[in-house]
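Just so you know, structure 1 and structure 2 below are the same protein chain in two forms, each on its own as structure tokens.
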Structure 1
């Protein structure tokens, strides 16, 4: 079959290298061709297959082994057990701008970065106009990279990656960077690449990107495949599990203490226990987000039916709204006003998500019940503006 990547029983355990003695023992075992003394099992018995034109998402919490798996497939990490068979040209984008040097100009960096991806001088020269057009940084290309903004570095990095035309593209959290227009460009490129028969292995904390770009998803947990299947189903399962885990964590406010973004409170019309509003009246969703890095976080607000079906969702960055810090520099407040709430009478739920400043990692979620009252015989969830006309 058209199998591009096939992993059979792949396992990786890292040897003890934190102490000098451990390093010596590991080196001795390596030199004598003995099995390495294992200190940490990063991956266990991973079976995976990717075919041409397929897109696979990798999800899991930090430290679950996703990055090790990507590095194993990319050839950077040698597996301890199992077989890996790869047919085709792999391009691994584990970090945009890896291999860039701050003292060099953008143009010089393009050449070295593209060479690192396996392109020759002639090939790079031929693709340079495309790269420059994609990066879209104008005459800055001949300035040293240290004068670039982080967004420009990312654009240049992605532009180089797009020129390789790989059979398999492996990426780790690199999609959701840069400004919105560039993100759209990247996503458009990805979609185009996928329709063109490229295979994508995407590791991301953003369920949005996983569901948008991947048909299948694999949930890695503690170095093993925990669940595998259709991307939407796996990511929902993962989110549900993650939510439950966060809920237990939140009880002791460990989330905030451990330096994670968190929703500190959520109130509907000023009431933390939820509220009852009349149909057509104004709803104010307010609260505070804890941001350990003291940069304005992004808040995501979701409106759901009581059974969990989502109705509407938005985040502060979509409207370019920047949250203001309260008296505590790590505490940011928000207030979202929904005038003329057109929800039909019934029970609903409002959810608030805490995202980091870039708006791509969801860290926390808090919900609040909402009841809408009113007299209406209309069906569905919300009322549309409408009128009738005689013909």
Structure 2
């Protein structure tokens, strides 16, 4: 496949100053071609290649450098370091409506924007019916743009941009604006564009759109490429990191006071530090509970996402299972087997709770990390057996 985009060691730095003296020093450095005295490094050492027919998703938190990278590729921002090679025609949907004149009507803005994209007057007139049909703003097309709602401006901007079928389409959060019907229309257009051999570079906070429209994904973190690979795998790693980041910091083991029930030696498949298992394999959750009253305690098991969201839970008394004492009359062991683990790939947490013999009072809690690997484009946390039939 032909290479359309190639980035080699690309970096972008912006001057960072708040004083008059600092601004003068920055200006002097720019005029002399010297390094900036104080700078914010938005991008650092970006190596990236995109080939014809590929679809690449760009993900990361706000401020990570995604928009700067897109603007650099689109030629709007000049890189400070490195080289960019672009082959083919580029259409960038970075700020829909940018370049429109508020005093002009929607129709006049269509001719203006399309002309800036390189279309002749005859080409614009030939494509005008399709543009107006896609925008679907009715009689407002002949009203001044300053009277448009933000949603109407977005509709018109996307409609104009799609009248040109480029080799490379660059989009930044286009699917995050507009109503649901407009988002569906945009998604359908992008799918047809990809089917026709177009190359898509999509920046989005929606992992659904990343996995639906992109085969590969790049995770940008603090101006660097943190992860790159298959879209589903990268987005799951990003979501797991994001969920863990947002979760309340908690200790893995809540120490039990003297004389209280306590969870001991919690292990996943025999490993007390956690484990990694393949989707569909068997998981064994084992451990012991110290019960000072020597009565068989109840153990509760919880399965959670990385951010602490509960997925599934049960306790030994639900299944009328009685824990047995080991070599110590106050130590009761347990082992819960989960065959054919139907969790989708991602990061999870297993928690074990020590309860009294009646199963009413919780004394202790211990957690253990679990990672599930595999390939799946399904969404959510669980995989359900299913099949399709003709209706």
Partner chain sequence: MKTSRREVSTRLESTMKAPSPFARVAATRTLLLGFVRRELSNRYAGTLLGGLWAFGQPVLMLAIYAFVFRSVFKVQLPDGNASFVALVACALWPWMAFQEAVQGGTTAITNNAELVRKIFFPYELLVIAAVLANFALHFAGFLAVLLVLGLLGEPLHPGGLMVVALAWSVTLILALGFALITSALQVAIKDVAPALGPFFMLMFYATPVLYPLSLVPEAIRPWMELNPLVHIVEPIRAALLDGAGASALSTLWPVAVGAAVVLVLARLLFRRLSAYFQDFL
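We call the rigid core the largest set of C-alpha positions that still match within 1.5 Å between the two forms. Worth saying up front: this structure is predicted, and the values here are computed from it rather than measured. Numbering follows the first chain given and starts at 1.
In this comparison the chain labelled structure 2 is the form predicted on its own, and the other chain is not. Residue 116 is among the residues whose C-alpha shifts by 2 Å or more between structure 1 and structure 2 once the rigid core is aligned. For residue 52, a C-alpha deviation below 2 angstroms is recorded between structure 1 and structure 2 after rigid-core alignment.
In the core-superposed comparison between structure 1 and structure 2, residue 326 has its Cα shifted by at least 2 Å.
Relative to the superposed core, residue 311 moves its CA by 10.2 Å between structure 1 and structure 2.
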